[in-house]
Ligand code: UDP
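First comes one chain, alone, set out as structure tokens in the form predicted on its own.
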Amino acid sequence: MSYVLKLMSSSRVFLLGVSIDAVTRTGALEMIRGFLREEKQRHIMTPNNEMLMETAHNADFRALLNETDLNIPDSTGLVWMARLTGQRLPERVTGVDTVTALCASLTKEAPVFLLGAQPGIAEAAASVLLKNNPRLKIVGCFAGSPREEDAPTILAMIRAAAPHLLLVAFGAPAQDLWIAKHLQEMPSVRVAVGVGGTFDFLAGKRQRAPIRMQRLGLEWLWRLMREPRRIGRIWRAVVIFPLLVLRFGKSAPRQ
């Protein structure tokens, strides 16, 4: 059995009815590289507390999370709540770190397309990725939007560029619902990943919390200090989410 197949057969944990892969960053990267060598199309998601909160009232989004090929645990909260429910996630695997490390290892054999974020942000993120790895082949950047009227233009652009890796930064749940709807219309794409705010971080538009705060699981406090308007989202992710998990555990709340 190949290393990738071994990883794919690894255990998953369940929180609020959503399955999350119990992978390390090294394991996730190896799996994604394996996917890029195959012809089959794969959809990867990066669930965090807020995304699981969304599934509490969005059955379609919850169903999608349970159909994807890899769900990377993108928040410390998932690691903690898995432990409190008698499960184990080995570590937090952030989307931005995964994208950075993945693109640092790719060559022109795996061309990349960056879709989403505000105008100019994807291009700035691409410059950073190319600076880290001159061998990387980025075949397109486009802000676009998840609006259905924009889909024909975006799909034509991606088909012409023929990427193997598509990174989509429309924000959850829009980015992943868009991927699920249109992936088959982009035949060159082997791996599509919903990456949330990754382009903003790479481009320097948003700053990540200091490493010490990341390790202590206090990124929410950093965000609150820098963006007080997010208090509602932070409250749901930091307070309501743990309470829901403690109440419902592995099962999903009723709609």
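Since the structure is predicted, the reported quantities are computational estimates derived from the model, not experimental observations. In this text, residue numbers run from 1 along the sequence as written.
This protein has a second form, the form predicted in complex with ligand UDP, left out of what is shown; the following refers to that one.
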Heavy atom within 4.5 Å of ligand UDP in the predicted complex - residue from Arg206, Arg33, Arg226, Arg215: Arg206
The single option of Ala169, Leu165, Ile72, Ile158 touching ligand UDP in the predicted complex, heavy atom within 4.5 Å: Ala169
Listed range touching ligand UDP, judged in the predicted complex by heavy atoms within 4.5 Å, from 80 to 88, 93 to 101, 124 to 132, 111 to 119: 111 to 119
Heavy atom of Asp200 within 4.5 Å of ligand UDP in the predicted complex: yes
Contact flag, Pro47 vs ligand UDP in the predicted complex, heavy atom cut 4.5 Å: no
Partner proximity in the predicted complex: Pro146 to ligand UDP, non-hydrogen atom cutoff 4.5 Å: yes
4.5 angstroms heavy atom contact with ligand UDP in the predicted complex for Arg233: yes
